[in-house]
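Quick heads-up: it's one chain on its own, the form predicted alone, in structure tokens.
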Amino acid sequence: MNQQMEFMSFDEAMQRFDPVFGIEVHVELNTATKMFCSCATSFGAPPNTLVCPVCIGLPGSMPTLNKKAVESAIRLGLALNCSIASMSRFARKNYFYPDLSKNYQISQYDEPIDYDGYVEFELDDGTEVRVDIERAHMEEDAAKLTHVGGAAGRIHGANYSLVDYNRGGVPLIEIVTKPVEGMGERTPEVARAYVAALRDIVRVLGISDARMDQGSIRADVNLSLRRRVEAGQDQGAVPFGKRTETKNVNSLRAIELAVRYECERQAALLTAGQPVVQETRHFHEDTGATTSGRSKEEAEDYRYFPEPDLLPVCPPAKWVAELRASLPELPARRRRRLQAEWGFTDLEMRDAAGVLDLIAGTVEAGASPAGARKWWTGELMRTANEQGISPEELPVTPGDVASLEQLIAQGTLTDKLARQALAGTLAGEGPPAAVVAARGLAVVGDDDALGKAVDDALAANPEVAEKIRGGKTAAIGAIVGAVMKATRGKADAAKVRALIEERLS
């Protein structure tokens, strides 16, 4: 259904309506083999080369459960503060689509392995938020469809579609939130931060590479609006509105934009007296808009029934306890510990959030926390942003940054010279020490050489020298500047100043 309406600003939408959202996050596990067969899960293999009778659903083939996938599901559930089911069961989710060669997906329905959990995280300004988790269940991924022709790679208007079954059967964990309400105008920000928190947890657990650009994490964003009540009335008494589900949103920025757009679109419809259609929608990165997909099925439309070829999953309590004891330090706790150890303020810690691992690695390599933070949140973050890449992709290591800090501490480099050395490392000229040697960047520290440079500057500027002798100490800066120019910025400014004062005392 193509619904036309006037555009409504986000601020106006938030004055009239209260958003309610839920997110289904699909995490692709990094197991060596697929969920129910021994086919490899390598990314980027030629199409339809990682397949077998089981994962393409040939008659008579029988699935066998991947134990490592079950272990990953339990570890993730524990990290999400979930209860772990003593018995969970797989079901068949029936629907016809070219990416499912069996015409059903093996998933978990009413008996998931993880349930009733929560995630706590901070927004950029330090506000703490808790999102409750309804369930996290195991399932197999579908094949990958490539629609050729038409607009934006969608099936509508395509000339034909290609199916790659390599992805079919890859283990997934789907994490489903309970409805999240009461966030108001911060709803897009909260949605983004929640998925970022999940990504951080998945990475530290080591169960997925968490590459959103490669589809290792994909989010389906459900959103509805309900009218705001008058002051003093109970907002909870107002029923939820009709929801839409924006499918396969694959970046943090896209999640925020999709939520924001749907708030504006649905608010405009409701204000105009038009209904919101319960449907799936597609997000467009180029415009930040969503467009209609298909009507949204309810659970009964999938005709779930227990998977007859798989036994229930009954993890022993001892195994679950061992997995709990083996969990690594989780991101939120690690951030609190590092902040205490490093003495960072809340603002400094928030600024460091995107490069926390790099800062930690630099500190471990011998740099001071303040020095490591300065380089990664300043010069290196700026360079990464200019190149449109993440700081991790820069051709510089935490060890390089620690070496740079040590050269400054030894007096070999000034901050200005250190930036030149770093530029050389980023340009592929080698580690900082090699760049310093090749470019001749070391500070001029020889007393005779500095003394001659100071004498030459004083001789060239007799008027300034007289002012300094007369008590106008601010004029020393002019002589320091002349010496720095003569030494191409390689002199130790503090040492130069001391020599000037000594000469003119």
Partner chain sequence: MSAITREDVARLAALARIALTEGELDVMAGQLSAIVDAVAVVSSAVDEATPATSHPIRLENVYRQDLVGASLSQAEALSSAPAAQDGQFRVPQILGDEQ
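Everything quoted here is computed from the prediction, not taken from an experiment. Positions refer to the first chain, counted from 1.
Keep in mind that the form predicted together with the partner chain is missing from the display, and what follows is about it.
Q: Would you check, heavy atoms only and a 4.5 Å threshold, whether Thr64 touches the partner chain in the model of the complex?
A: Because a heavy atom of Thr64 falls inside 4.5 Å of the partner chain in the model of the complex, the answer is yes.
Q: Is Ala460 one of the residues lying within 4.5 Å of the partner chain in the model of the complex, judged by heavy atom distances?
A: Flag for Ala460 set to no.
Q: Just to confirm, Asp301 within 4.5 Å of the partner chain in the model of the complex by heavy atoms?
A: The answer is yes: Asp301 has a heavy atom within 4.5 Å of the partner chain.
Q: At 4.5 Å between heavy atoms, is Tyr109 in contact with the partner chain in the model of the complex?
A: Contact check for Tyr109: no, nothing within 4.5 Å of the partner chain in the model of the complex.
Q: Given that the partner is absent here, state which listed stretch (337 to 345, 123 to 131, 371 to 379, 157 to 165) has heavy atoms within 4.5 Å of the partner chain in the model of the complex.
A: Single hit among the candidates: 157 to 165.
Q: Which one of Arg350, His147, Arg228, Arg324 is close to the partner chain in the model of the complex, taking close to mean a heavy atom within 4.5 Å?
A: Of the listed residues, the single hit is His147.
Q: Which residue, Leu311, Ile389, Ala272, Ala427, is the contact with the partner chain in the model of the complex, using a 4.5 Å heavy atom cutoff?
A: In short, Leu311.
Q: In the model of the complex, does each residue in the set Ser216, Thr246 and Cys263 place a non-hydrogen atom within 4.5 angstroms of the partner chain?
A: So, no: the whole triplet misses the partner chain.
Q: Can you name the residues of 77 to 94 that have a non-hydrogen atom within 4.5 angstroms of the partner chain in the model of the complex?
A: Met87, Arg89, in sequence order.
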